[in-house]
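In structure tokens, one chain follows: the form predicted on its own.
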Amino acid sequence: MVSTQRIDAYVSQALVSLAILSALGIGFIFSKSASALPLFARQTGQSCLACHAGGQFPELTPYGRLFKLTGYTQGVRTDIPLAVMAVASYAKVSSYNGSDSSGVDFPRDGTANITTASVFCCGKITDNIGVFAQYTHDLWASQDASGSWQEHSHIDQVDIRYSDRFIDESHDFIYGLSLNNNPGVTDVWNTHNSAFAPVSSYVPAGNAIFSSSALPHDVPATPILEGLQYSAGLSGYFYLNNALYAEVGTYKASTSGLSFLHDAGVGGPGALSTRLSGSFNPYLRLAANHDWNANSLMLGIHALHASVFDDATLINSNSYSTFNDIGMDGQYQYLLDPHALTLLFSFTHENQNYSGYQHTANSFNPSDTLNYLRAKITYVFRARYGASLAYTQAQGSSDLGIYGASPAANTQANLSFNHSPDSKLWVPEVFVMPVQNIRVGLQYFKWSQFLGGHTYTYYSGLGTPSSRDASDNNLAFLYVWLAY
């Protein structure tokens, strides 16, 4: 029987080797001359509608899923494989109830912001190797002790693939390997990716008030599967006859030769992904898919086992907790011009088993559970006008240590009256694309429950406790999204 240490060594060696080969391939891309045409459209000769449902990035059509699964290699390699994206936004919270200072507790509320900008390096390297890599600059990343805003640039999503495809009269078989920094970026149905996240719907950026305040922009407890960005993952996958998909991978902390997958500022020592124990934290994704006429239907399951060191200072010890996620998900699409309709759902159950250290230091229970549900419907007309409705619900064990401990003075925190993570969030949205590369949208975040009820304890910037209604966190969010 092969030991866990030997498995860790094999996986680490494979990850570093694939990273080196991919870096050499990216360098070969940049040796060519410049091009000013849109990235994947230039490579494939197809319009945005071919790959994205209703032209809305990043939600994929059946053709878009095949393009990703074949490693972004279809078409002719572009000379300079770069794209850019920027988001400007404005947000207004419903109420400052309980705040000592709205400027401290809700920074940038009611103020227009150029929120983020990203550069993408994407596309074909060889006939079998391709890459999707995003580097982001956040103009409102954090505030220092004096209240001044700090900018931050960081690696974002990374997916480097090797793939091959075999087709005959009765079989269409795609297989490949992916080096990536979170399970969501590999998933061609976007179950755990930004397209499905209720916080920003399709828009991969929030308003600056989300960065440094206690204002919730997502449910307060999510499975670890949603929090592994900036880890290092290696997965193998296959797709048979456009009907059966399987992916098996493992994740580890992105250290040493894999540190290019890690954002030291956002995914710092406190992040779950930087505290993964060993190299064998397995991930499984299975899906059955059926395409007919203008319709597409997928049903799938997903699972993850992760061991996480309890503290960044304890990564050389045996003090770690384990998280076991298992769930199911599905997607239905109807794509027939001028209509594009997509329905998504995902349910994940998580068992959290704490070490003795974690039980003593934080949790009052030796173990907890969490149920996490998301659903979303999106309709786009003539690839220009659209609307969506997203819903997120979290329900879990009551735990006085995690959801009920009083914070230290002069800190911000949201605490449950009944020590529960239970929360419900609705996000309706309307949007328009006046031209292909610009999207303007309006979202409304409506909380019907937060931390177990309609009210919870809010600690403001001066450490003063007060009662705050869940509806006080309701938020109007206006954005302009440019991608080219």
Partner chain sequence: MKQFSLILLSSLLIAGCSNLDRSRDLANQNVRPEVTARQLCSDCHGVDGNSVSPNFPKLAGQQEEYLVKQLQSFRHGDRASEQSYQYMWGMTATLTDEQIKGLAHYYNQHVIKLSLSKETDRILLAKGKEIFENGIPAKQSPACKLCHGAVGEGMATIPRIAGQHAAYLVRQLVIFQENAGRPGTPMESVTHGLSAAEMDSVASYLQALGV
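Numbering follows the first chain given and starts at 1. Fair warning: this is a prediction, and the values are worked out from it, not measured in the lab.
This protein has a second form, the form predicted together with the partner chain, left out of what is shown; the following refers to that one.
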| property | result |
| --- | --- |
| Heavy atom within 4.5 Å of the partner chain in the predicted bound form - the one residue of 418, 437, 448, 47 that qualifies | 47 |
| Sole residue of 361, 294, 114, 297 within 4.5 Å of the partner chain in the predicted bound form, by heavy atom | 294 |
| Among 123-131, 300-308, 280-288, 389-397, the region lying within 4.5 Å of the partner chain in the predicted bound form by heavy atom distance | 123-131 |
| Residue contact check: residue 404 to the partner chain in the predicted bound form, 4.5 Å heavy atom | no |
| Any non-hydrogen atom of residue 348 within 4.5 angstroms of the partner chain in the predicted bound form | no |
| Residue 151, heavy atom within 4.5 angstroms of the partner chain in the predicted bound form | no |
| Heavy atom of residue 335 within 4.5 Å of the partner chain in the predicted bound form | yes |
| Contacts with the partner chain in the predicted bound form, stretch 161-187 (heavy atom within 4.5 Å) | 163, 164, 165, 166, 167, 168, 169 |
